[in-house]
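Next up: just one chain, as structure tokens, the form predicted alone.
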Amino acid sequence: MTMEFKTISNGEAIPIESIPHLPFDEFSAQATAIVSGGGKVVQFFAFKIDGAVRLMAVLRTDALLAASCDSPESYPALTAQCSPFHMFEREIAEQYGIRPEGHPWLKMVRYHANCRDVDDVFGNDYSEDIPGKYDYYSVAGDEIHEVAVGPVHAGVIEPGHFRFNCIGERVLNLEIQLGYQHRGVENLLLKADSRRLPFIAENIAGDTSVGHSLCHAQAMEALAGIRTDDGSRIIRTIGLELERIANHVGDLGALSGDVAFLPPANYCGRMRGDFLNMSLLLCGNRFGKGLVRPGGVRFPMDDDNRRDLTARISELKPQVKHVFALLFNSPSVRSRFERCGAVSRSDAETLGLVGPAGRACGIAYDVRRCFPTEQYGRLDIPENAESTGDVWARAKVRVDEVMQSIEIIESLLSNPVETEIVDVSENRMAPDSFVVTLNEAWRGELSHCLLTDSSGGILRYKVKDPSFHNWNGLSMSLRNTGISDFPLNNKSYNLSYCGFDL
């Protein structure tokens, strides 16, 4: 009898042996069939077990599906048949030296030697730790010119290199090279004491502290058999929605600044600070660090805090509405946002775009609605899908989400919240187990995946930030667009360098 991918649940720990272990050819055929039929890749990675290397895939349709297989040293690339695997296969090649034969654009992801000390798939010499030493994509022609931006940028922006192939002002192709601040996060998570894990997780990407710490906490709770109380789930949901609002409001202000419409830029900058200060009131940190821990939250919400948060958000709500109306009713803003950097739904599906970037292209997927955790199963999460896939749509999705998140927080603050606070503790995890957690961070689908060994230690810890999917969406947005539109498109995505580099 042929085994098939197993249906699993978000945040549920299961024995590794219960995950179907397929022959590679069957694994490849089923995985590509599921994704070609409309499924999406949540996780696809390699790991070592009992001295061998295996591949693990977590896919999603209406449900989450998982299977594994033994990994050959080289194999026919899944990407050649099904494009959404392309980034995952590049990452596997870099991390484990396993070559996907026939991959259409095989290059390093973060520029580091593989963990098995086998021959490098890319033929790199890592004696000089300089990312990006490879031949960039080029366009031939006497009138073609290249524009190189970064990796060092003005101000406080993180490092990343952008290589434009242009004919005049028109961009034919944008190639993005990251990896300049690879920190070895997954190795840190693999080797760290369990008491340190929450601190590492919440610092994977500073603007997504609550999202990453929530994914980590849910995974640890599943593996350790810990149940959280209703109050902590309410506070966690509020923390995640405050993180969403603050980032969306800040980015909408930055978009306004990019088109030289300064009043909303200034208002949004101030209001972003107001929402960050609500996170400060919640847990003592403006970015939500220290709020979420395995087992619950570290800070209670008494009635004084609840009333204070309610008053603050009630005061800000009409201001937010007014500023958004000012921004979106301006003809000069519309003329710059509309039809700028458009990505079709079919391209978005092929690239696997998630979050606001995907919803702006008509892909209604939202983890909060499709695979809910915390309090989201009790909330009505709208689809928020736009159809044009341009800067206007990406901004409009953010506006809708800000207003909906405000309403979510107001509803959660309507009644007293009681919870038992927790602190950092050492958790004993179930041996030989597997868990995957998904949450809708403000950029989109965020996922942590853990496997434990026979003694309950971490065998593999895999992190996937939504930016891992979405950087190629930015590249697609620039095709046949004026190079002067790059800052506007870039800000409409506002992707994470450190969340990608890990």
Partner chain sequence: MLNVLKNRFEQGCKTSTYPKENIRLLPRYRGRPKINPDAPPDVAAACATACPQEAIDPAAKTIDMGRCVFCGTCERISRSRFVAFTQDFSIAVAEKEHLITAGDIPDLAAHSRQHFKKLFGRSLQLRQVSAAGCNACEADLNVLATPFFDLARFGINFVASPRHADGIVVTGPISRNMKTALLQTYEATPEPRAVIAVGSCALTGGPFRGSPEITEGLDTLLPVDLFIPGCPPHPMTNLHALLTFFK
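A quick note: this is a predicted structure, and the numbers were derived from the prediction, not measured. Residue numbers count along the first chain shown, from 1.
What comes next is about the form predicted in complex with the partner chain, which does not appear here.
Taking the partner from elsewhere, residue 88 is found to have every heavy atom lying beyond 4.5 Å of the partner chain in the model of the complex.
Proximity of residue 432 to the partner chain in the model of the complex falls outside the 4.5 Å heavy atom cutoff.
With a 4.5 Å cutoff on heavy atoms, residue 372 does not count as touching the partner chain in the model of the complex; it lies far away. With a 4.5 Å cutoff on heavy atoms, residue 104 does not count as touching the partner chain in the model of the complex; it lies far away. This chain is displayed without the partner chain, yet in the model of the complex the stretch 183-191 from 404-412, 183-191, 363-371, 210-218 comes within 4.5 Å of it by heavy atoms. This chain is drawn without the partner chain; in the model of the complex, the residue among 153, 163, 170, 99 with a heavy atom within 4.5 Å of it is 153. Shown without its partner, this chain lists 322, 428, 334, 307 as candidates; in the model of the complex, only 322 has a non-hydrogen atom within 4.5 angstroms of the partner chain. Contacts between 196-229 and the partner chain, taken as any heavy atom within 4.5 Å in the model of the complex, involve 196, 199, 200, 203, 205, 206, 207.
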